[in-house]
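Shown next are two forms of a single protein chain, provided one at a time as structure tokens under the names structure 1 and structure 2.
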Structure 1
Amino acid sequence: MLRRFLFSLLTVFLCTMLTFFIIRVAPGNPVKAMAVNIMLYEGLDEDTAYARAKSMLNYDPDQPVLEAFGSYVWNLLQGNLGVSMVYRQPVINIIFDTLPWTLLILVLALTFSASIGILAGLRIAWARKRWLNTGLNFYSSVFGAIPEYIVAYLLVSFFAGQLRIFPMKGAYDGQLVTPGPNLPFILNVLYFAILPVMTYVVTQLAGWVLGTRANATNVLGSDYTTYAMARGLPAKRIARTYVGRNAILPMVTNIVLSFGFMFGGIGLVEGVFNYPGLGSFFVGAIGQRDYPLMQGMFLMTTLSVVLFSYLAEILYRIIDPRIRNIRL
């Protein structure tokens, strides 16, 4: 367990290093460009503007690499991720503004796709119908081959463009509701979240069904299931306690793992919906070459993925008694 922890720590360190080098090897000179920008807009003299740019970008090109990296990490630890060049706001504030939206979409999408997918996978494995398997394979090869954002586009054009029953973009209607803990606002947010969540459910469902079906088929072929059937246990009990539990077990860690990986690819989908989440700001920062924001969003994404894969490992040990006592 300690080894796994050290690995995660080292990974985080490498990610931080990678993040730091984004601005270091960026084409052109971001600090100079920023300084010119500040001079133009705020009428400061060159030296002051240059100093300001350095502190805003959280990066000093005049320092030696190691020293610059050291002060970058020191600033990171104090929560200073620099100031966004486009929004003129501390990056950490932008992260706090956008993270809840991304988490909302991811949590809802995972809850629906995993619960529907696992239940359907168990049913399909139990039923052993050929046409169900064929249909499933077809579905998964179609939706595994289309990028998620194209599915998002299709959903938007059909449900928002043609039928006009769901909103096209945004996270809530600012003219109808006021943000805050009131019921109309929460309902409105959920209403706006339907299409983004549906995108993920449509694209990820097949994966869950296939995974669960494979597990369940394995368990169905195992000796203890055969023995349970031979003992004449009721089918319902076999389906639930024997097949169900054992087949779902590995899927629990999958939930945590795919949470991390969805984090990595959410940018394009959020972009289609103009959803104010972490991903669309990451993609936007890349398009506008907003280096501090890009660094912040990249770090945030990689850190969450590392964290979630670490959690998945721990969770698996807790819920599976068979490997709980094996030292890693």
Structure 2
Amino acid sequence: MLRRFLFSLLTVFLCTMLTFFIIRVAPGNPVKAMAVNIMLYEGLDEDTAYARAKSMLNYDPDQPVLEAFGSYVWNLLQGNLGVSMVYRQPVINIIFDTLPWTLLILVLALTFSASIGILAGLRIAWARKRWLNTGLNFYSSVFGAIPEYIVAYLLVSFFAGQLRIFPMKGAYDGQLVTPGPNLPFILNVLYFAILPVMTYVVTQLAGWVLGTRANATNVLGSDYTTYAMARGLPAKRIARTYVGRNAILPMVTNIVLSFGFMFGGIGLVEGVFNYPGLGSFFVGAIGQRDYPLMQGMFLMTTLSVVLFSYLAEILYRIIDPRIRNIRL
């Protein structure tokens, strides 16, 4: 496990380094863009406007890249992610303010999609009905090929725009409820989260059903399941004890892995609903060339994927005794 942990740290460092250099070489310079605006609205000359823009953004594009990277890593080791160019706030504060909203969406979406998908996959594998498999394949072909943000646009257009059942944007109604640990606020937050959560449930449900069905089908064809049927054990016991437990086992680690990958791809979905989560600020940072915020968001994405991948391996070694003694 120590080897796997060191490999995870190396992965985080390499991703951080690549992100830093890619951002620096990408087209667009926030200092020049601000300097142009200063020249237009304040009538200053180019050099003065450029110097003021560097001072306002606290960023020097003329600093050598290696020197800038060394400063960034040194600040990172001290827990300093820099200050956002656009919001004029420490990046770490923005992350802490937006992270709870993103976690709310991901936890609810993963809970519903995984629970429904696993139960449905077990049922389809056990029933062995052709029309169920045909319907599942059709559903998977349609929604598996549509990006999540397209589904988000369809849901918000129909349920919020046409039917006006759910709100189009935001996380809660500030005029209706008072933020805090009170029931009206909690219910209002859950009401606003329905469409973002539904987006993930619609797009990921088929994957959970297909994965569980495949696992359950393999278990049904195993020798110990055949022996249990030959012994005349009750069907419910076979379905629950033999098929269910063994088919769900690999899906438990998939839940942990899915959480990490969902964390990295939530930006466009939150952007559609103007949801004040981590991903929405991530997309905004990219559009506005907010380098410190971009780097902080990329770092959070990398850490989430690496961390949950590492946790998935640990969890699988705990719940599956067959690989408990295998060295990683």
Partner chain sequence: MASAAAPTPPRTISLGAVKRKNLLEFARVLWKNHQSRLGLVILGVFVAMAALGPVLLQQPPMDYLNRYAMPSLQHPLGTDYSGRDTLVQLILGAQGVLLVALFAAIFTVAFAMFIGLFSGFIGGKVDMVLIFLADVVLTVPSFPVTLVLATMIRVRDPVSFGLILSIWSWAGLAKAIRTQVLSVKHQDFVEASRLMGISTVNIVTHDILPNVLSFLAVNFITIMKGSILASVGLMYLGLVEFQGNHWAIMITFALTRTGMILGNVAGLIYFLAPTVGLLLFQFGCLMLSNGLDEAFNPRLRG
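Think of the rigid core as the biggest set of C-alphas that the two forms share within 1.5 Å after superposition. Here, residue number means position along structure 1's sequence, counting from 1. Only a predicted model underlies this, so the values are computations on that prediction, with no experimental measurement involved.
Student: Pick one: which structure is the form predicted on its own?
Tutor: The chain shown as structure 2 is the form predicted on its own.
Student: Indicate whether residue 22 shows a C-alpha shift of 2 Å or more between the two structures, with the rigid core used for the fit.
Tutor: Moves: yes, 2 Å or greater.
Student: Just grab the Cα shift of residue 49 between the two structures for me, core aligned, in angstrom.
Tutor: Shift of residue 49 at C-alpha, rigid core superposed: 11.2 Å.
Student: Once the rigid core is matched, what's the CA displacement of residue 34 between the two structures in angstrom?
Tutor: Its C-alpha moves by 7.2 Å once the cores are overlaid.
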